[in-house]
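One chain follows as structure tokens, the form predicted on its own.
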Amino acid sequence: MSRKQFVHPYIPNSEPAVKKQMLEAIGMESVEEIYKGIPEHLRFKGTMELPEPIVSEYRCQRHVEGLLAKNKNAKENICFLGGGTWNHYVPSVVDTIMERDEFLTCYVGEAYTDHGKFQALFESSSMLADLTGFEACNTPTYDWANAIAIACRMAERMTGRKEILVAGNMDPDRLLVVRNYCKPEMTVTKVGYNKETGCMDLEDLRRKLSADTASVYFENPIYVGALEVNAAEICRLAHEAGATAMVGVDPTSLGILEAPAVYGADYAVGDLQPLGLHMSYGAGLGGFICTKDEKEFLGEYPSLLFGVCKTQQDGEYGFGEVYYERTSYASREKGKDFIGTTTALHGIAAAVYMALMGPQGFQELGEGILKRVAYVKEELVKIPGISLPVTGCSYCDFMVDFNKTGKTVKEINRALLEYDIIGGKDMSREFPEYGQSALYSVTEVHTKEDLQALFGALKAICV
């Protein structure tokens, strides 16, 4: 068989007769006709330097596994990476339930494949609302950044204002998504922060609040490794200016930190990842938005909301989509937004995790993390050349200053790999004002032996 007629075993519909039938069905004679709209100057003219195809499925599997084996993963190494995707323990029952066929293969938007999916998403939203102190919560968005951006648009529609003030200490990657999503109608303006405490600069906030401000966004815990002790004051100042207040949260921290609704926030956003989702090379994400159960807020949700509904049988209730007419599914171009399946499956995983944990479990988790972080910070400053650039209490994430060691974070992280340790996130590019500092994360998975291994390795590398 010639190369031209080769049928690749892993590419669907590559068999010549099948390909011919498909082309005839769309009224074309060749694949080239499909791409004829692409200008010539954008087309690649040469031959791609690709290896010969591995036709044997077994050989292909061995090849891919060999490539994956080069990775340093968080299971076979001690991992201190955080900053948005954290290394938490995932109970095995979470995977077991999430992988059930009725959930795994269930499309999110419709009822025709519902086998408990609607109830699972209702329960997930209800527990997230309990954690944040609100009553309403949407089905998951793509991730935390997407949740912020959607909530910003919600605030703009509700207030009629066109500016969002965001804390300058927030995750820069999340900020990029927000800026892109708010273009071109809205302005996103950063508010300064105190380098030593990591907290928002309230004087700068006062100066920048105006009649154009739709919402003030800040994070608690803060991305740079602190707690926002002025959270209630930020919300108060926003409300005095006629704006809303939006807080980004790590949901696992809410077993020990005050719920956002209690200190005055109007929106709580965050990610489902720490609620029973594996790190998965930085994926396993799913954003959430929580608000009050009031029409002015509910009417601006672009995503699906699940609630308890009456059924055709008197006295019986079920779970289903509520306030459906505001979505693009019902109102098409008049809907608030257009979204797809996104990450509803992750919402179900989060429901299993939260139900397993319960209030007491979240409290114990938070207390355990706080104690570990306090212990690590106390021990790290005993190592010559190492200090903590941000003062105060931290949850999970905290920054470590390596400037006085004479080594870069990149050099230190490379050396730590020799000890089977994955170091903290290099912050020198995102926040150059801190110089050679790294964002470390400590969670419930880290044993005392893990932490002692880190101390020993850093002493050997830095001293």
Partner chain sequence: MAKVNVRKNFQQARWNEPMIYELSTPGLRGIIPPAVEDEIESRVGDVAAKLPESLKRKTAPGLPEVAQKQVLQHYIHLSQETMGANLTNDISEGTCTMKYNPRLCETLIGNPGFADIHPDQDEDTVQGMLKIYYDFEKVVKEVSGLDKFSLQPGGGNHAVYTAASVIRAYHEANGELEQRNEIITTIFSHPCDAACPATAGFKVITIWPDQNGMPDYEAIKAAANEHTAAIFMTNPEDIGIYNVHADKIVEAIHAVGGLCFYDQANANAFLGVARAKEAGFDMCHFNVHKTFGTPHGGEGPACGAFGVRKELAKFLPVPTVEYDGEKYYLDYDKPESIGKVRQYIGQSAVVLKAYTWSMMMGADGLRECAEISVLNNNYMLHLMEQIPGVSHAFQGNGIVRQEQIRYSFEELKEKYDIGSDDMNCRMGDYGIPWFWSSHHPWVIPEPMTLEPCESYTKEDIEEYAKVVEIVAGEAAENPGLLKNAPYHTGMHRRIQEEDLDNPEKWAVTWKAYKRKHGVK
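Numbering follows the first chain given and starts at 1. Think of the rigid core as the biggest set of C-alphas that the two forms share within 1.5 Å after superposition. Just so it is clear, the structure is predicted and the values come from calculations on it, not from any experiment.
Keep in mind that the form predicted together with the partner chain is missing from the display, and what follows is about it.
- Site residues K117, A355 and K425 are all in contact with the partner chain in the predicted bound form, judged by any heavy atom within 4.5 Å.
- Taking E367, E240, E203, E196 one by one, only a single residue has any non-hydrogen atom within 4.5 Å of the partner chain in the predicted bound form, and it is E367.
- Though the partner chain is absent from this view, in the predicted bound form it lies within 4.5 Å of a heavy atom of just one residue from P389, G264, G320, G168, which is G320.
- The chain is drawn here without the partner chain; in the predicted bound form, the stretch among 159 to 167, 204 to 212, 344 to 352, 241 to 249 whose residues come within 4.5 Å of it by any heavy atom is 344 to 352.
- The partner chain in the predicted bound form is not approached by E433, whose heavy atoms all lie more than 4.5 angstroms from it.
- When the partner chain is considered in the predicted bound form, K190 lies well away from it, no heavy atom lying within 4.5 Å.
- For R236, no non-hydrogen atom is located within 4.5 Å of the partner chain in the predicted bound form, even though that partner is not displayed.
- Using a 4.5 angstroms limit between non-hydrogen atoms, G361 touches the partner chain in the predicted bound form.
- Contacts between stretch 27 to 47 and the partner chain, counted in the predicted bound form as any heavy atom lying within 4.5 Å, involve M28, V31, E32, E33, I34, Y35, G37, I38, P39, H41, L42, R43, F44, T47, listed in sequence order.
- A movement of the C-alpha atom of P432 falling short of 2 angstroms is seen between the shown form and the other one when the two forms are aligned on their rigid core.
- Here G160 does not count as shifted, since its C-alpha moves by less than 2 Å between the shown form and the other one after the core is aligned.
- Relative to the superposed rigid core, the position of the CA of E33 differs between the shown form and the other one by 2 Å or more.
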